[in-house]
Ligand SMILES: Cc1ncc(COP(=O)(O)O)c(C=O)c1O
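We begin with a single chain expressed as structure tokens, specifically the form predicted alone.
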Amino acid sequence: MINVTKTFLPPLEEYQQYVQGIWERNQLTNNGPLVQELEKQLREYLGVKHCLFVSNGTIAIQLALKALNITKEVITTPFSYCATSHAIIWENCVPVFADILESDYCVDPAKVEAAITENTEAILVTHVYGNPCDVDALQAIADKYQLKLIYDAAHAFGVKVDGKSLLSFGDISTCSFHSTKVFHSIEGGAVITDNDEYAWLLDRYRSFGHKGDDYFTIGINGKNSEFHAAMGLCNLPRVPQIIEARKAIVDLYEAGLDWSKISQPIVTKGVVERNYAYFPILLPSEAILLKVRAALEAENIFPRRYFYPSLSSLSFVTSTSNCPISDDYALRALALPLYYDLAHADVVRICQIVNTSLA
């Protein structure tokens, strides 16, 4: 069976060494030494000032909204995983959807600006498939209208734009370290910011609002454990080789697929380091997508409709937004299998099945 993704696991004995240390110290959570060491290494690896390790990527977005005191409308993208819009709604804010660009599938800055109202307090958008949004245009809009800017960078670990970590843009960036990601800690996530005040608040919010025995504010349990940090410490040094292996697979896809009948998002200008988080293709129609998927599944190969459906169309989301591009792409986008040890022969076979189904 070939799934759309597969978790990278380090050598078991290396993880067990960390677990042995946890047993000896008998500190399993509450900002233990492994959590602190992982945060230190992440700051160095990403080149950012503050990186707070939290329990997952969804909590990371919720913490960001809370730290920035967002309570009203948030302009966001309809083309993302549901965690993006769920976090906004869960925090009792109102998602306002701005459509995406045909070129890179990220939010259209012009549509963002057109959606601003007197109740708009923030922009929260996704670097889709790890492909950067137009960070300069979005920052200009945020500055012009005095809005907070949050990036859902769940797919963007290790991506650099003009030599700078993509996670360093905006007021706050959030990341997911779920086991399906390029870098993972089994479950986990991070909140990244260069702002000292935000970092102070985020640190308190993730731990019930207190530091030591003193309480400073209301908070939640957004902490993560020593066991998750141990997995992160095992995996972080291997990120370059994981990305290299994924790139080789992407190169095979790009060489083997029939691009006369399909397309994919363009890579944003200025990206000097990609992470090859996903390999999406855009089919000519939903009917052809279903045909391609069925042909692959008949061979025990399981791609994923990612992202589907368009978030603005969810039944429990109150939205008057008009997002025809996202609505269309959500019906036609398919993520093909991509993981570090996917056999190259299987990539060739996947290409053949897709090409034959397109005929």
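Note that this is a predicted model, so its numbers are computed, not measured. One-based numbering along the sequence shown.
In what follows, reference is made to the form predicted in complex with the ligand, a form of this protein that is not presented.
A.B. asks: How about Gly232: is it within 4.5 Å of the ligand in the predicted complex, going by heavy atoms?
C.D. replies: No, Gly232 stays farther than 4.5 Å from the ligand in the predicted complex.
A.B. asks: Please tell me whether any heavy atom belonging to Ala83 falls inside 4.5 Å of a heavy atom of the ligand, as the geometry stands in the predicted complex.
C.D. replies: Output for Ala83 is yes: heavy atoms within 4.5 Å of the ligand.
A.B. asks: Evaluate Asp99 for contact with the ligand in the predicted complex, applying a 4.5 angstroms cut-off between non-hydrogen atoms, and reply yes or no.
C.D. replies: Asp99 lies outside the contact set for the ligand.
A.B. asks: With a cut-off of 4.5 Å between heavy atoms, is Lys261 one of the residues that contacts the ligand in the predicted complex?
C.D. replies: Output for Lys261 is no: heavy atoms all beyond 4.5 Å of the ligand.
A.B. asks: Just one stretch in 99-107, 154-162, 237-245, 195-203 has heavy atoms within 4.5 Å of the ligand in the predicted complex, so which one is it?
C.D. replies: That would be 154-162.
A.B. asks: Of the options Lys181, His228, Lys148, Arg274, which one has a non-hydrogen atom that comes within 4.5 Å of the ligand in the predicted complex?
C.D. replies: Exactly one listed residue reaches within 4.5 Å, namely Lys181.
A.B. asks: If the cut-off is 4.5 angstroms on heavy atoms, which of these, Ser173, Thr126, Asn224, Ser185, is the one near the ligand in the predicted complex?
C.D. replies: Contact residue from the list: Thr126.
A.B. asks: Within 4.5 Å of the ligand in the predicted complex, which residues of 49-70 have a heavy atom? Give them in sequence order, or say none.
C.D. replies: Going through 49-70 in order - heavy atoms within 4.5 Å of the ligand in the predicted complex - the hits are Asn56, Gly57, Thr58, Ile61.
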